[in-house]
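Presented as structure tokens, the chain that follows is alone, the form predicted alone.
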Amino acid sequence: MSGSPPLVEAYDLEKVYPDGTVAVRGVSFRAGRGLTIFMGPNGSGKTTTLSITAGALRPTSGRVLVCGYDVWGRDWSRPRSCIGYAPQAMPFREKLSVIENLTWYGLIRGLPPWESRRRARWLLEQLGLEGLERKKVSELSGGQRRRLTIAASLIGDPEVLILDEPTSGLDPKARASLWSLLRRVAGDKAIIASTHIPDEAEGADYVYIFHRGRVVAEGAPGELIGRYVRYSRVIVKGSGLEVAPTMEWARLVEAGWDRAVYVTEDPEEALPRLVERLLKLGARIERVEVRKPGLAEVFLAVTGEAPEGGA
């Protein structure tokens, strides 16, 4: 985890459903202030782990401490007061307005009516929803609804923010905008969020990679990439590229009429030699793209499977 003291600590979490389905097994993690990402495909155990951590789903075994208190212990109300939780489907009252829904969530968190409304207006402004106070939730776009979900999780000013796939269904530009807003509005809170998109996880302070109910790798994004992947991809586009050969310093992984893909540890050295060789073989080259390794390649290295959101 990041260098800050942990606000969340989980030990050997396991969830087995009555039909024998194992959702998570042996999951342990820690999260301090900053952004911690759970990365993995749908069904890998991310949502179950977040639900257990937020106090919404009781584990079969294991323990979670939030702000020093056991989420499932006798003092269960204390850790829950530290948590702001945004599941994928936030239960809003569709026919009420944006400000009414958000104020209602503030009242649930124990805020006085005037403070709840004041904080609701501030959050709407911070998250780019100003001017929509009177609009019904049922009339919001997908992106606006996602921002309102984050606002609802922040209304009680929690120290720990737990977000399940906060950018699901958004286009790349909207995803980037939402992450930027989230980091700014949340400040120094501990944010734990899930995603199946490797590019999003690369912006985290610390990443846990989930696969089939277990954590299979963890570390800062740069550390993970350096530990598991050393090669870059060179993507050549044009025509006649079915002639592309494997070379000692650049391994061919894909070849077709209009595209060839190589992996190499040193793209700066390999690129000019590669282009020269392909031209001699009669290929026509229109564009060459070098992609540095990322968490998509890390996921492939540690699981043997390509991630859902990989390039």
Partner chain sequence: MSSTVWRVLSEVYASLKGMLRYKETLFWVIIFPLLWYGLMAAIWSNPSPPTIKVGVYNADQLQGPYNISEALIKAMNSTGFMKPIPFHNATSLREAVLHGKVDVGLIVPGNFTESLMEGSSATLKLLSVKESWGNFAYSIASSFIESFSNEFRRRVINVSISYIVTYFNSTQLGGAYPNWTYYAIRWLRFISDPIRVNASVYTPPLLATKGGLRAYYALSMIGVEALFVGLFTGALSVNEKRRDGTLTVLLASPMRDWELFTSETLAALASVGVSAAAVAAMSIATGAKYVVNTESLLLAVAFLLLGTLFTIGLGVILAALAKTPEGASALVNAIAFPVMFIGGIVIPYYVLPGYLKAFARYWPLSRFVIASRSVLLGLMSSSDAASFSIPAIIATIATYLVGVAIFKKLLARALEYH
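Only a predicted model underlies this, so the values are computations on that prediction, with no experimental measurement involved. Residue numbers count along the first chain shown, from 1.
Just so it is clear, the following notes concern the form predicted together with the partner chain, a form of the same protein that is not shown.
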query: In the model of the complex, the residue from Asp171, Glu130, Glu94, Asp188 that sits within 4.5 Å of the partner chain by heavy atoms; finding: Glu94
query: Answer option from Tyr231, Tyr228, Tyr206, Tyr85, heavy atom within 4.5 Å of the partner chain in the model of the complex; finding: Tyr85
query: Exercise: Gly55 in contact with the partner chain in the model of the complex, heavy atom 4.5 Å; finding: yes
query: Contact label in the model of the complex: Gly110 to the partner chain, heavy atom within 4.5 Å; finding: yes
query: Partner contact for Ser81 in the model of the complex: the partner chain, 4.5 angstroms, heavy atom; finding: yes
query: 4.5 Å heavy atom contact, Ser141 to the partner chain in the model of the complex; finding: no
query: One stretch from 171 to 179, 99 to 107, 188 to 196, 120 to 128 that, in the model of the complex, holds residues within 4.5 Å of the partner chain by heavy atom; finding: 99 to 107
query: Residues of 15 to 44 having any heavy atom within 4.5 Å of the partner chain in the model of the complex, listed in sequence order; finding: Lys15, Tyr17, Pro18
